[in-house]
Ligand code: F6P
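Let's start with one chain on its own, the form predicted on its own, as structure tokens.
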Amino acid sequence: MRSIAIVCSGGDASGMNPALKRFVEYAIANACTPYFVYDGYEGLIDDRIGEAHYRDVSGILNKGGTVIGSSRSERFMLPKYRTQAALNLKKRHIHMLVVLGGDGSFRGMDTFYKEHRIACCGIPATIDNDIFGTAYTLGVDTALGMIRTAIDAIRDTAASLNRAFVIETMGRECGYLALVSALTSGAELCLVPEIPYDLQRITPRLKQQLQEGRHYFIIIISEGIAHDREAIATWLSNDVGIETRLNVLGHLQRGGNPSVYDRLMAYRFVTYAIDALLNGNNNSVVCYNDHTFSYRNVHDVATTPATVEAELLRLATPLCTLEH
């Protein structure tokens, strides 16, 4: 029987556990022996690799995070540790590897394949939705649900106490989570790296809204402008004239039971990944666009900056500038 392994790398994302369940079941259905690599690329280096069975994935579908662990590995950037990782796989006759992760994980995967010719296929799994070539990454829908719940709860307090709340979402340099959350939560303002903003030009409009009866604000900002978060809160208090609180949602966005959509996407992503490897597609990433799955070369995915889709930016621009 052929052997195939799966590893979760980088930040965790809800949907990874459903992916692991599908991986074990689909590998076995295709006469492959499935293996788990525990704790990301660190586990690949340290030989924390074990054969996976049905019992290992029983009852994990509804759990957030990943039961096999993940990591960000600086050692994997060094050739000697990648060589050790390859030896650990080859001694078990594992010549196929599925990688769940983001662009950093894919850069490592690309180098690993080129050096050691272990066939790899990447599944984009990051709540930031910031991977080039795919409109969706595993874990995004669940993260948006967690953000929605948090914003709805904060709104209760904002309305009760006549305050403004600045709520920071994750996303690194990508404003996707903030933009979608702002549009779907009824936020009064959204600030992201992709759309230039001028607080002083926004001030008169917010002050006018207060004069016309609005008594609280929900302001969504992206992690990419976190350096301005304190200045934004001060601006609201001093210039706009409303008592303001700052909420950084942080890692709660990564947790939570995987949504139905993320469970379905996990099932589909893994199916396409294993099919790619079994059909000789040895160094690719599964991408999803326009309701269709395809494969892209991992080097292109890992080295090309991602951008937020133009339509979303167009829809959100008035919310980010308060200009119509």
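Numbering starts at 1 and follows the sequence shown. Everything numeric in this text was worked out from a predicted model, so none of it was measured.
Here the subject shifts to the form predicted in complex with ligand F6P, a form of this protein not shown in this document.
With a 4.5 Å cutoff on heavy atoms, residue 18 does not count as touching ligand F6P in the predicted complex; it lies far away. At least one heavy atom of residue 127 is located within 4.5 Å of ligand F6P in the predicted complex. Within this chain, residue 141 is remote from the site of ligand F6P in the predicted complex, having no heavy atom within 4.5 Å. Among heavy atoms of residue 251, some come within 4.5 Å of ligand F6P in the predicted complex. The chain is drawn here without ligand F6P; in the predicted complex, the stretch among 77-85, 169-177, 92-100, 144-152 whose residues come within 4.5 Å of it by any heavy atom is 169-177. Residue 72 is the only one of 229, 107, 116, 72 with a heavy atom lying within 4.5 Å of ligand F6P in the predicted complex. Heavy atoms closer than or equal to 4.5 Å to ligand F6P in the predicted complex belong, across 187-226, to one residue only: 223.
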